[in-house]
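The chain below stands alone and is given in structure tokens; this is the form predicted alone.
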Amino acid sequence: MEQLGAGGIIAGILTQFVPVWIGMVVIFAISIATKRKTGLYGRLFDSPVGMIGFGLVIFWVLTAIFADLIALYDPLEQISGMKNKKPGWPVEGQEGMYYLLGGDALARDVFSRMVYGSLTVLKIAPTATLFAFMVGVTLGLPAGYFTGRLDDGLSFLANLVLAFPVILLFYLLVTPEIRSTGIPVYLAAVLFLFPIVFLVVLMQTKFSTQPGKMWFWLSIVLVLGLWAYSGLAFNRDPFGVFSMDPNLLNIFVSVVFVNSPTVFRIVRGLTMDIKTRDYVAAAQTRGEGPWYIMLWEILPNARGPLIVDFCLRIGYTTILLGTLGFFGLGVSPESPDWGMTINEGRKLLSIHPHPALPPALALMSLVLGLNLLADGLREQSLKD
């Protein structure tokens, strides 16, 4: 077999991504057809910038979902004779099989590692950012609503964390020495409680006049929440459904800890502004409790800026994860994490640029998509 030319490489890559193209066509068709009924999400498709950003993001989301179908090889598989081979190089002894983007210094398929790298990033960044928002919202709402000593104390703690340079703080939190002290487990024990607290208060305030429904939903939240909590924070799930590798836990907790203070300050500021509105005064006049007002009057009216910040923060987290991987502090030394793959490839960049460029472009395109998506959402949320 001969090496593929540029046209053959492009055709091969496009063919491997067929599940993604089909998924994108279906999602865009349904979204555009129903855009007048889906609120802010639907209005996103009136913004060219938002549509481009959404397209880039959904491309990598679907790539992560269909990684097993798209990738040609296991990301850790080494094939003899494929070390640092150029893009389009045929695999010896495997008729019709090629390393579409070449091989790396350990004879692994760069294309497959790029594809599985999206799964690594998208497993951590959105979920950890969501946890950070749970912490920031749960603390930011009462701080902005009640102010006083509670606000002063929480703001001081947030400013204390924010006083450290983000990259340096993140770097310190994920080092093996910190992990050996057990600090990540202690942080997880505290931070992972906030989603449970948030959902419990949310259900209690929503169904306070319907005790039957309230206890039904509270039971579900507490059972599932504490089950997940025991597995994720302490790795003690008796059924083995919820668990987290110690290194992954370290990174996950670090993301939540670093992002929570910034989310707290945003939520606090929005709450202090919105609580002066007439509809909040009307809810107070009706005799609604403080937590009901915070969760069902203030928070829904702060959704625009928070959704925009959520998208941007996933992008920041993606960059942070890439930076950690580049410094060798990723999920695992052999992980196809984009940052780690870039670091491995840059050592031979002047001789073999192909191992480093695909993951770098993948990382750039995902962050660009998130930023454009945030711009589109910001543009449309201002119309509310």
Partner chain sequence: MLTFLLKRSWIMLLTALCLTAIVFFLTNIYPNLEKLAKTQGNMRMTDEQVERWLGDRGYLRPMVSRYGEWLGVMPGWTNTDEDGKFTGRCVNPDDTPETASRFCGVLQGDFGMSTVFKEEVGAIIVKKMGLTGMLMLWVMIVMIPMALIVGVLAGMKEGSRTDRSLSTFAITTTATPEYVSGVIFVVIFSSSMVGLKWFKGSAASAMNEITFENFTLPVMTIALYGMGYIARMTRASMAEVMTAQYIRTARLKGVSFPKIVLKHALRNALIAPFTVIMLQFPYLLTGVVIVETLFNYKGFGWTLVQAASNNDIEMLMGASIIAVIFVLVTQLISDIGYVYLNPRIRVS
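Numbering follows the first chain given and starts at 1. Predicted model, so just to flag it, every value in this text is computed and none were measured.
Absent from the display: the form predicted together with the partner chain. The rest refers to it.
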{"item": "Listed range touching the partner chain, judged in the predicted bound form by heavy atoms within 4.5 Å, from 122 to 130, 68 to 76, 109 to 117, 178 to 186", "value": "178 to 186"}
{"item": "Non-hydrogen atom within 4.5 angstroms of the partner chain in the predicted bound form for each of Gly53, Leu306 and Phe310", "value": "no"}
{"item": "Contact assignment for the partner chain in the predicted bound form, among Phe234, Phe242, Phe198, Tyr171, heavy atom within 4.5 Å", "value": "Tyr171"}
{"item": "In the predicted bound form, the one of Ile10, Val25, Val18, Leu361 near the partner chain [non-hydrogen atom within 4.5 angstroms]", "value": "Leu361"}
{"item": "Non-hydrogen atom contact Gly322 with the partner chain in the predicted bound form at 4.5 angstroms", "value": "yes"}
{"item": "Any non-hydrogen atom of Phe327 within 4.5 angstroms of the partner chain in the predicted bound form", "value": "yes"}
{"item": "Distance check, Val221 to the partner chain in the predicted bound form, heavy atom within 4.5 Å", "value": "no"}
{"item": "Partner proximity in the predicted bound form: Leu349 to the partner chain, non-hydrogen atom cutoff 4.5 Å", "value": "yes"}
